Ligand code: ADP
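Only one chain comes next, encoded as C-alpha cells, the form predicted on its own.
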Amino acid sequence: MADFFREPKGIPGTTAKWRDFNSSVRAEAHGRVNLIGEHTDYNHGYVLPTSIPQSTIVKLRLRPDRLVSVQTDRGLGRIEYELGSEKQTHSWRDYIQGATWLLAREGLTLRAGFDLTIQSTVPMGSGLSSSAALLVSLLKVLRDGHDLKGLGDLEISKFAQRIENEFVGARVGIMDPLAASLANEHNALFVDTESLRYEQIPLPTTKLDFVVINSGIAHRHSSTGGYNERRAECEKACELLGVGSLREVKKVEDLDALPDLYRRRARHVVTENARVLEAVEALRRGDCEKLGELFQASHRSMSQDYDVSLPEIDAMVAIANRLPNVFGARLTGGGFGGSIVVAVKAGHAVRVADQIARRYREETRQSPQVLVPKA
C-alpha cells in the first residue's frame, strides 16, 4: 500500500499573519458511503469507503472580538458563544464548540472570533458521515481562516475523531473523518486503521455502479448508546481473549471460548476484516459477482452477529437482493437506521434505485430517499 500520509510532527500555534476581517474563507467535505468494513475501525481493522456527491460547505469570516456566531441551512437556529466558554449541550452545537475547545486544548489558540455559515446536503442520521463532513470542513476552514500552519488533512481527521469521542460523546472510529478528508468518487479508499496506511483502489466503473438509499430512519450515535455499547462489548471480548484489539484474532475458532454475546460481536469484526481484504481483491479483478456476495455476507453478519440492523433495513436489503442486475446489498454505516449501499450492474443504477425505493415504501410505509445516483 501507499506510504503513510506524512505530516509534520509538531503543530505550531497561530502565525502573526491575519486575513482581512472583510474577507471570507470556504471549505468543503463530502459524505461517504462505506462499501464494506463496518465497526472495524475502532477495532484497528480494515475499511473501504468511497465519497458521495453530497457535501458540507462551511464559510468563515473573522470578526474583531471573541464571539463565535454560527448559522446553518437546516433550521437548527443560530448559536453564539465566546471562545474559551465552550460547554457540552448534548446537541449539534457540541460539534462546533468541540472544535474550538480541542484546538485551544492543543495550543492552537484562535485569537479572534468569527462568523460561520454552514450548508449541507448530507442527510443527518443517514449513516453517511454527516458529522464527519461537518467536522472536517469546519476544521479546514478554521485552519485556513486562522493560518494554523502544520494542521494537515490527516491531523484534521484525528482531531475530528477526538471531538466526537471527547466532547460530543460518540466513541466513533477514524474511518469517517479519514474518508471526509481523503476519499474521492472515482476510487475506494482502502485504509488499515491500525497503521493509517491507505491506498486508493480504482472502481471498475465500466462494470459496476453503486446505489445508496436512505431508509428514512435516522440514528444518532451520541444519544442512542447502541454504538458505544458495541464498542464496549468489543473491548470486553478483547479483555476475555487477552488481546489488545480484535485485529489480533486471526481465526474464528479462536473465539469459541467466549460467551455467546461477545463471541458474536467479535465474530463479526474478524470476518468483516477478511471480507474487506477479499473485496479489495475483487475490485482489482473487476469481479462484481464476488463483491456482491461479500456485501450480502456482510449484511447478514451485521444483522445477526452485531445486531445493528432493523427490520425495515433488512426488508430493504432483501428487496434489493431480489432484483435483476443487483450483485448484492448491505446496511452501510453504524446501523440502528441509516442507509443501504447496493452494488449493481453498470448502467442500471437509476432503474434499480427507483424499484427499491418504491417497493420499500409499499412494504414499510417509510419515506426512503435515493442519494446515489444523485437526481
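We number the residues from 1 along the sequence you see. Just so we're clear, the structure is a prediction, and the values are computed from it rather than from any experiment.
The form predicted in complex with this ligand exists for this protein as well; it is not shown, and the discussion that follows is about that form.
Engineer: Going by a heavy atom distance of 4.5 Å, is Y95 a contact of this ligand in the predicted complex?
Structural biologist: Looking in the predicted complex, residue contacts with this ligand include Y95, since a heavy atom lies within 4.5 Å.
Engineer: Whether N273 contacts this ligand in the predicted complex should be assessed with a 4.5 Å heavy atom distance threshold; does it?
Structural biologist: Result no; N273 lies far from this ligand in the predicted complex.
Engineer: Using a 4.5 Å heavy atom cut-off, state whether L196 contacts this ligand in the predicted complex.
Structural biologist: The answer is no: L196 has no heavy atom within 4.5 Å of this ligand.
Engineer: Whether L203 contacts this ligand in the predicted complex should be assessed with a 4.5 Å heavy atom distance threshold; does it?
Structural biologist: Contact with this ligand, no.
Engineer: Just one of A179, L128, V136, I163 has a heavy atom within 4.5 Å of this ligand in the predicted complex. Which one?
Structural biologist: Comparing distances to this ligand in the predicted complex, the residue within 4.5 Å is L128.
Engineer: Can you work out which of V243, V252, L76, L261 has a heavy atom no more than 4.5 Å from this ligand in the predicted complex?
Structural biologist: Only one listed residue qualifies here, and that residue is L76.
Engineer: Can you say which of 226 to 234, 284 to 292, 68 to 76, 209 to 217 gets within 4.5 Å of this ligand in the predicted complex, counting heavy atoms only?
Structural biologist: Answer to the contact question: 68 to 76.
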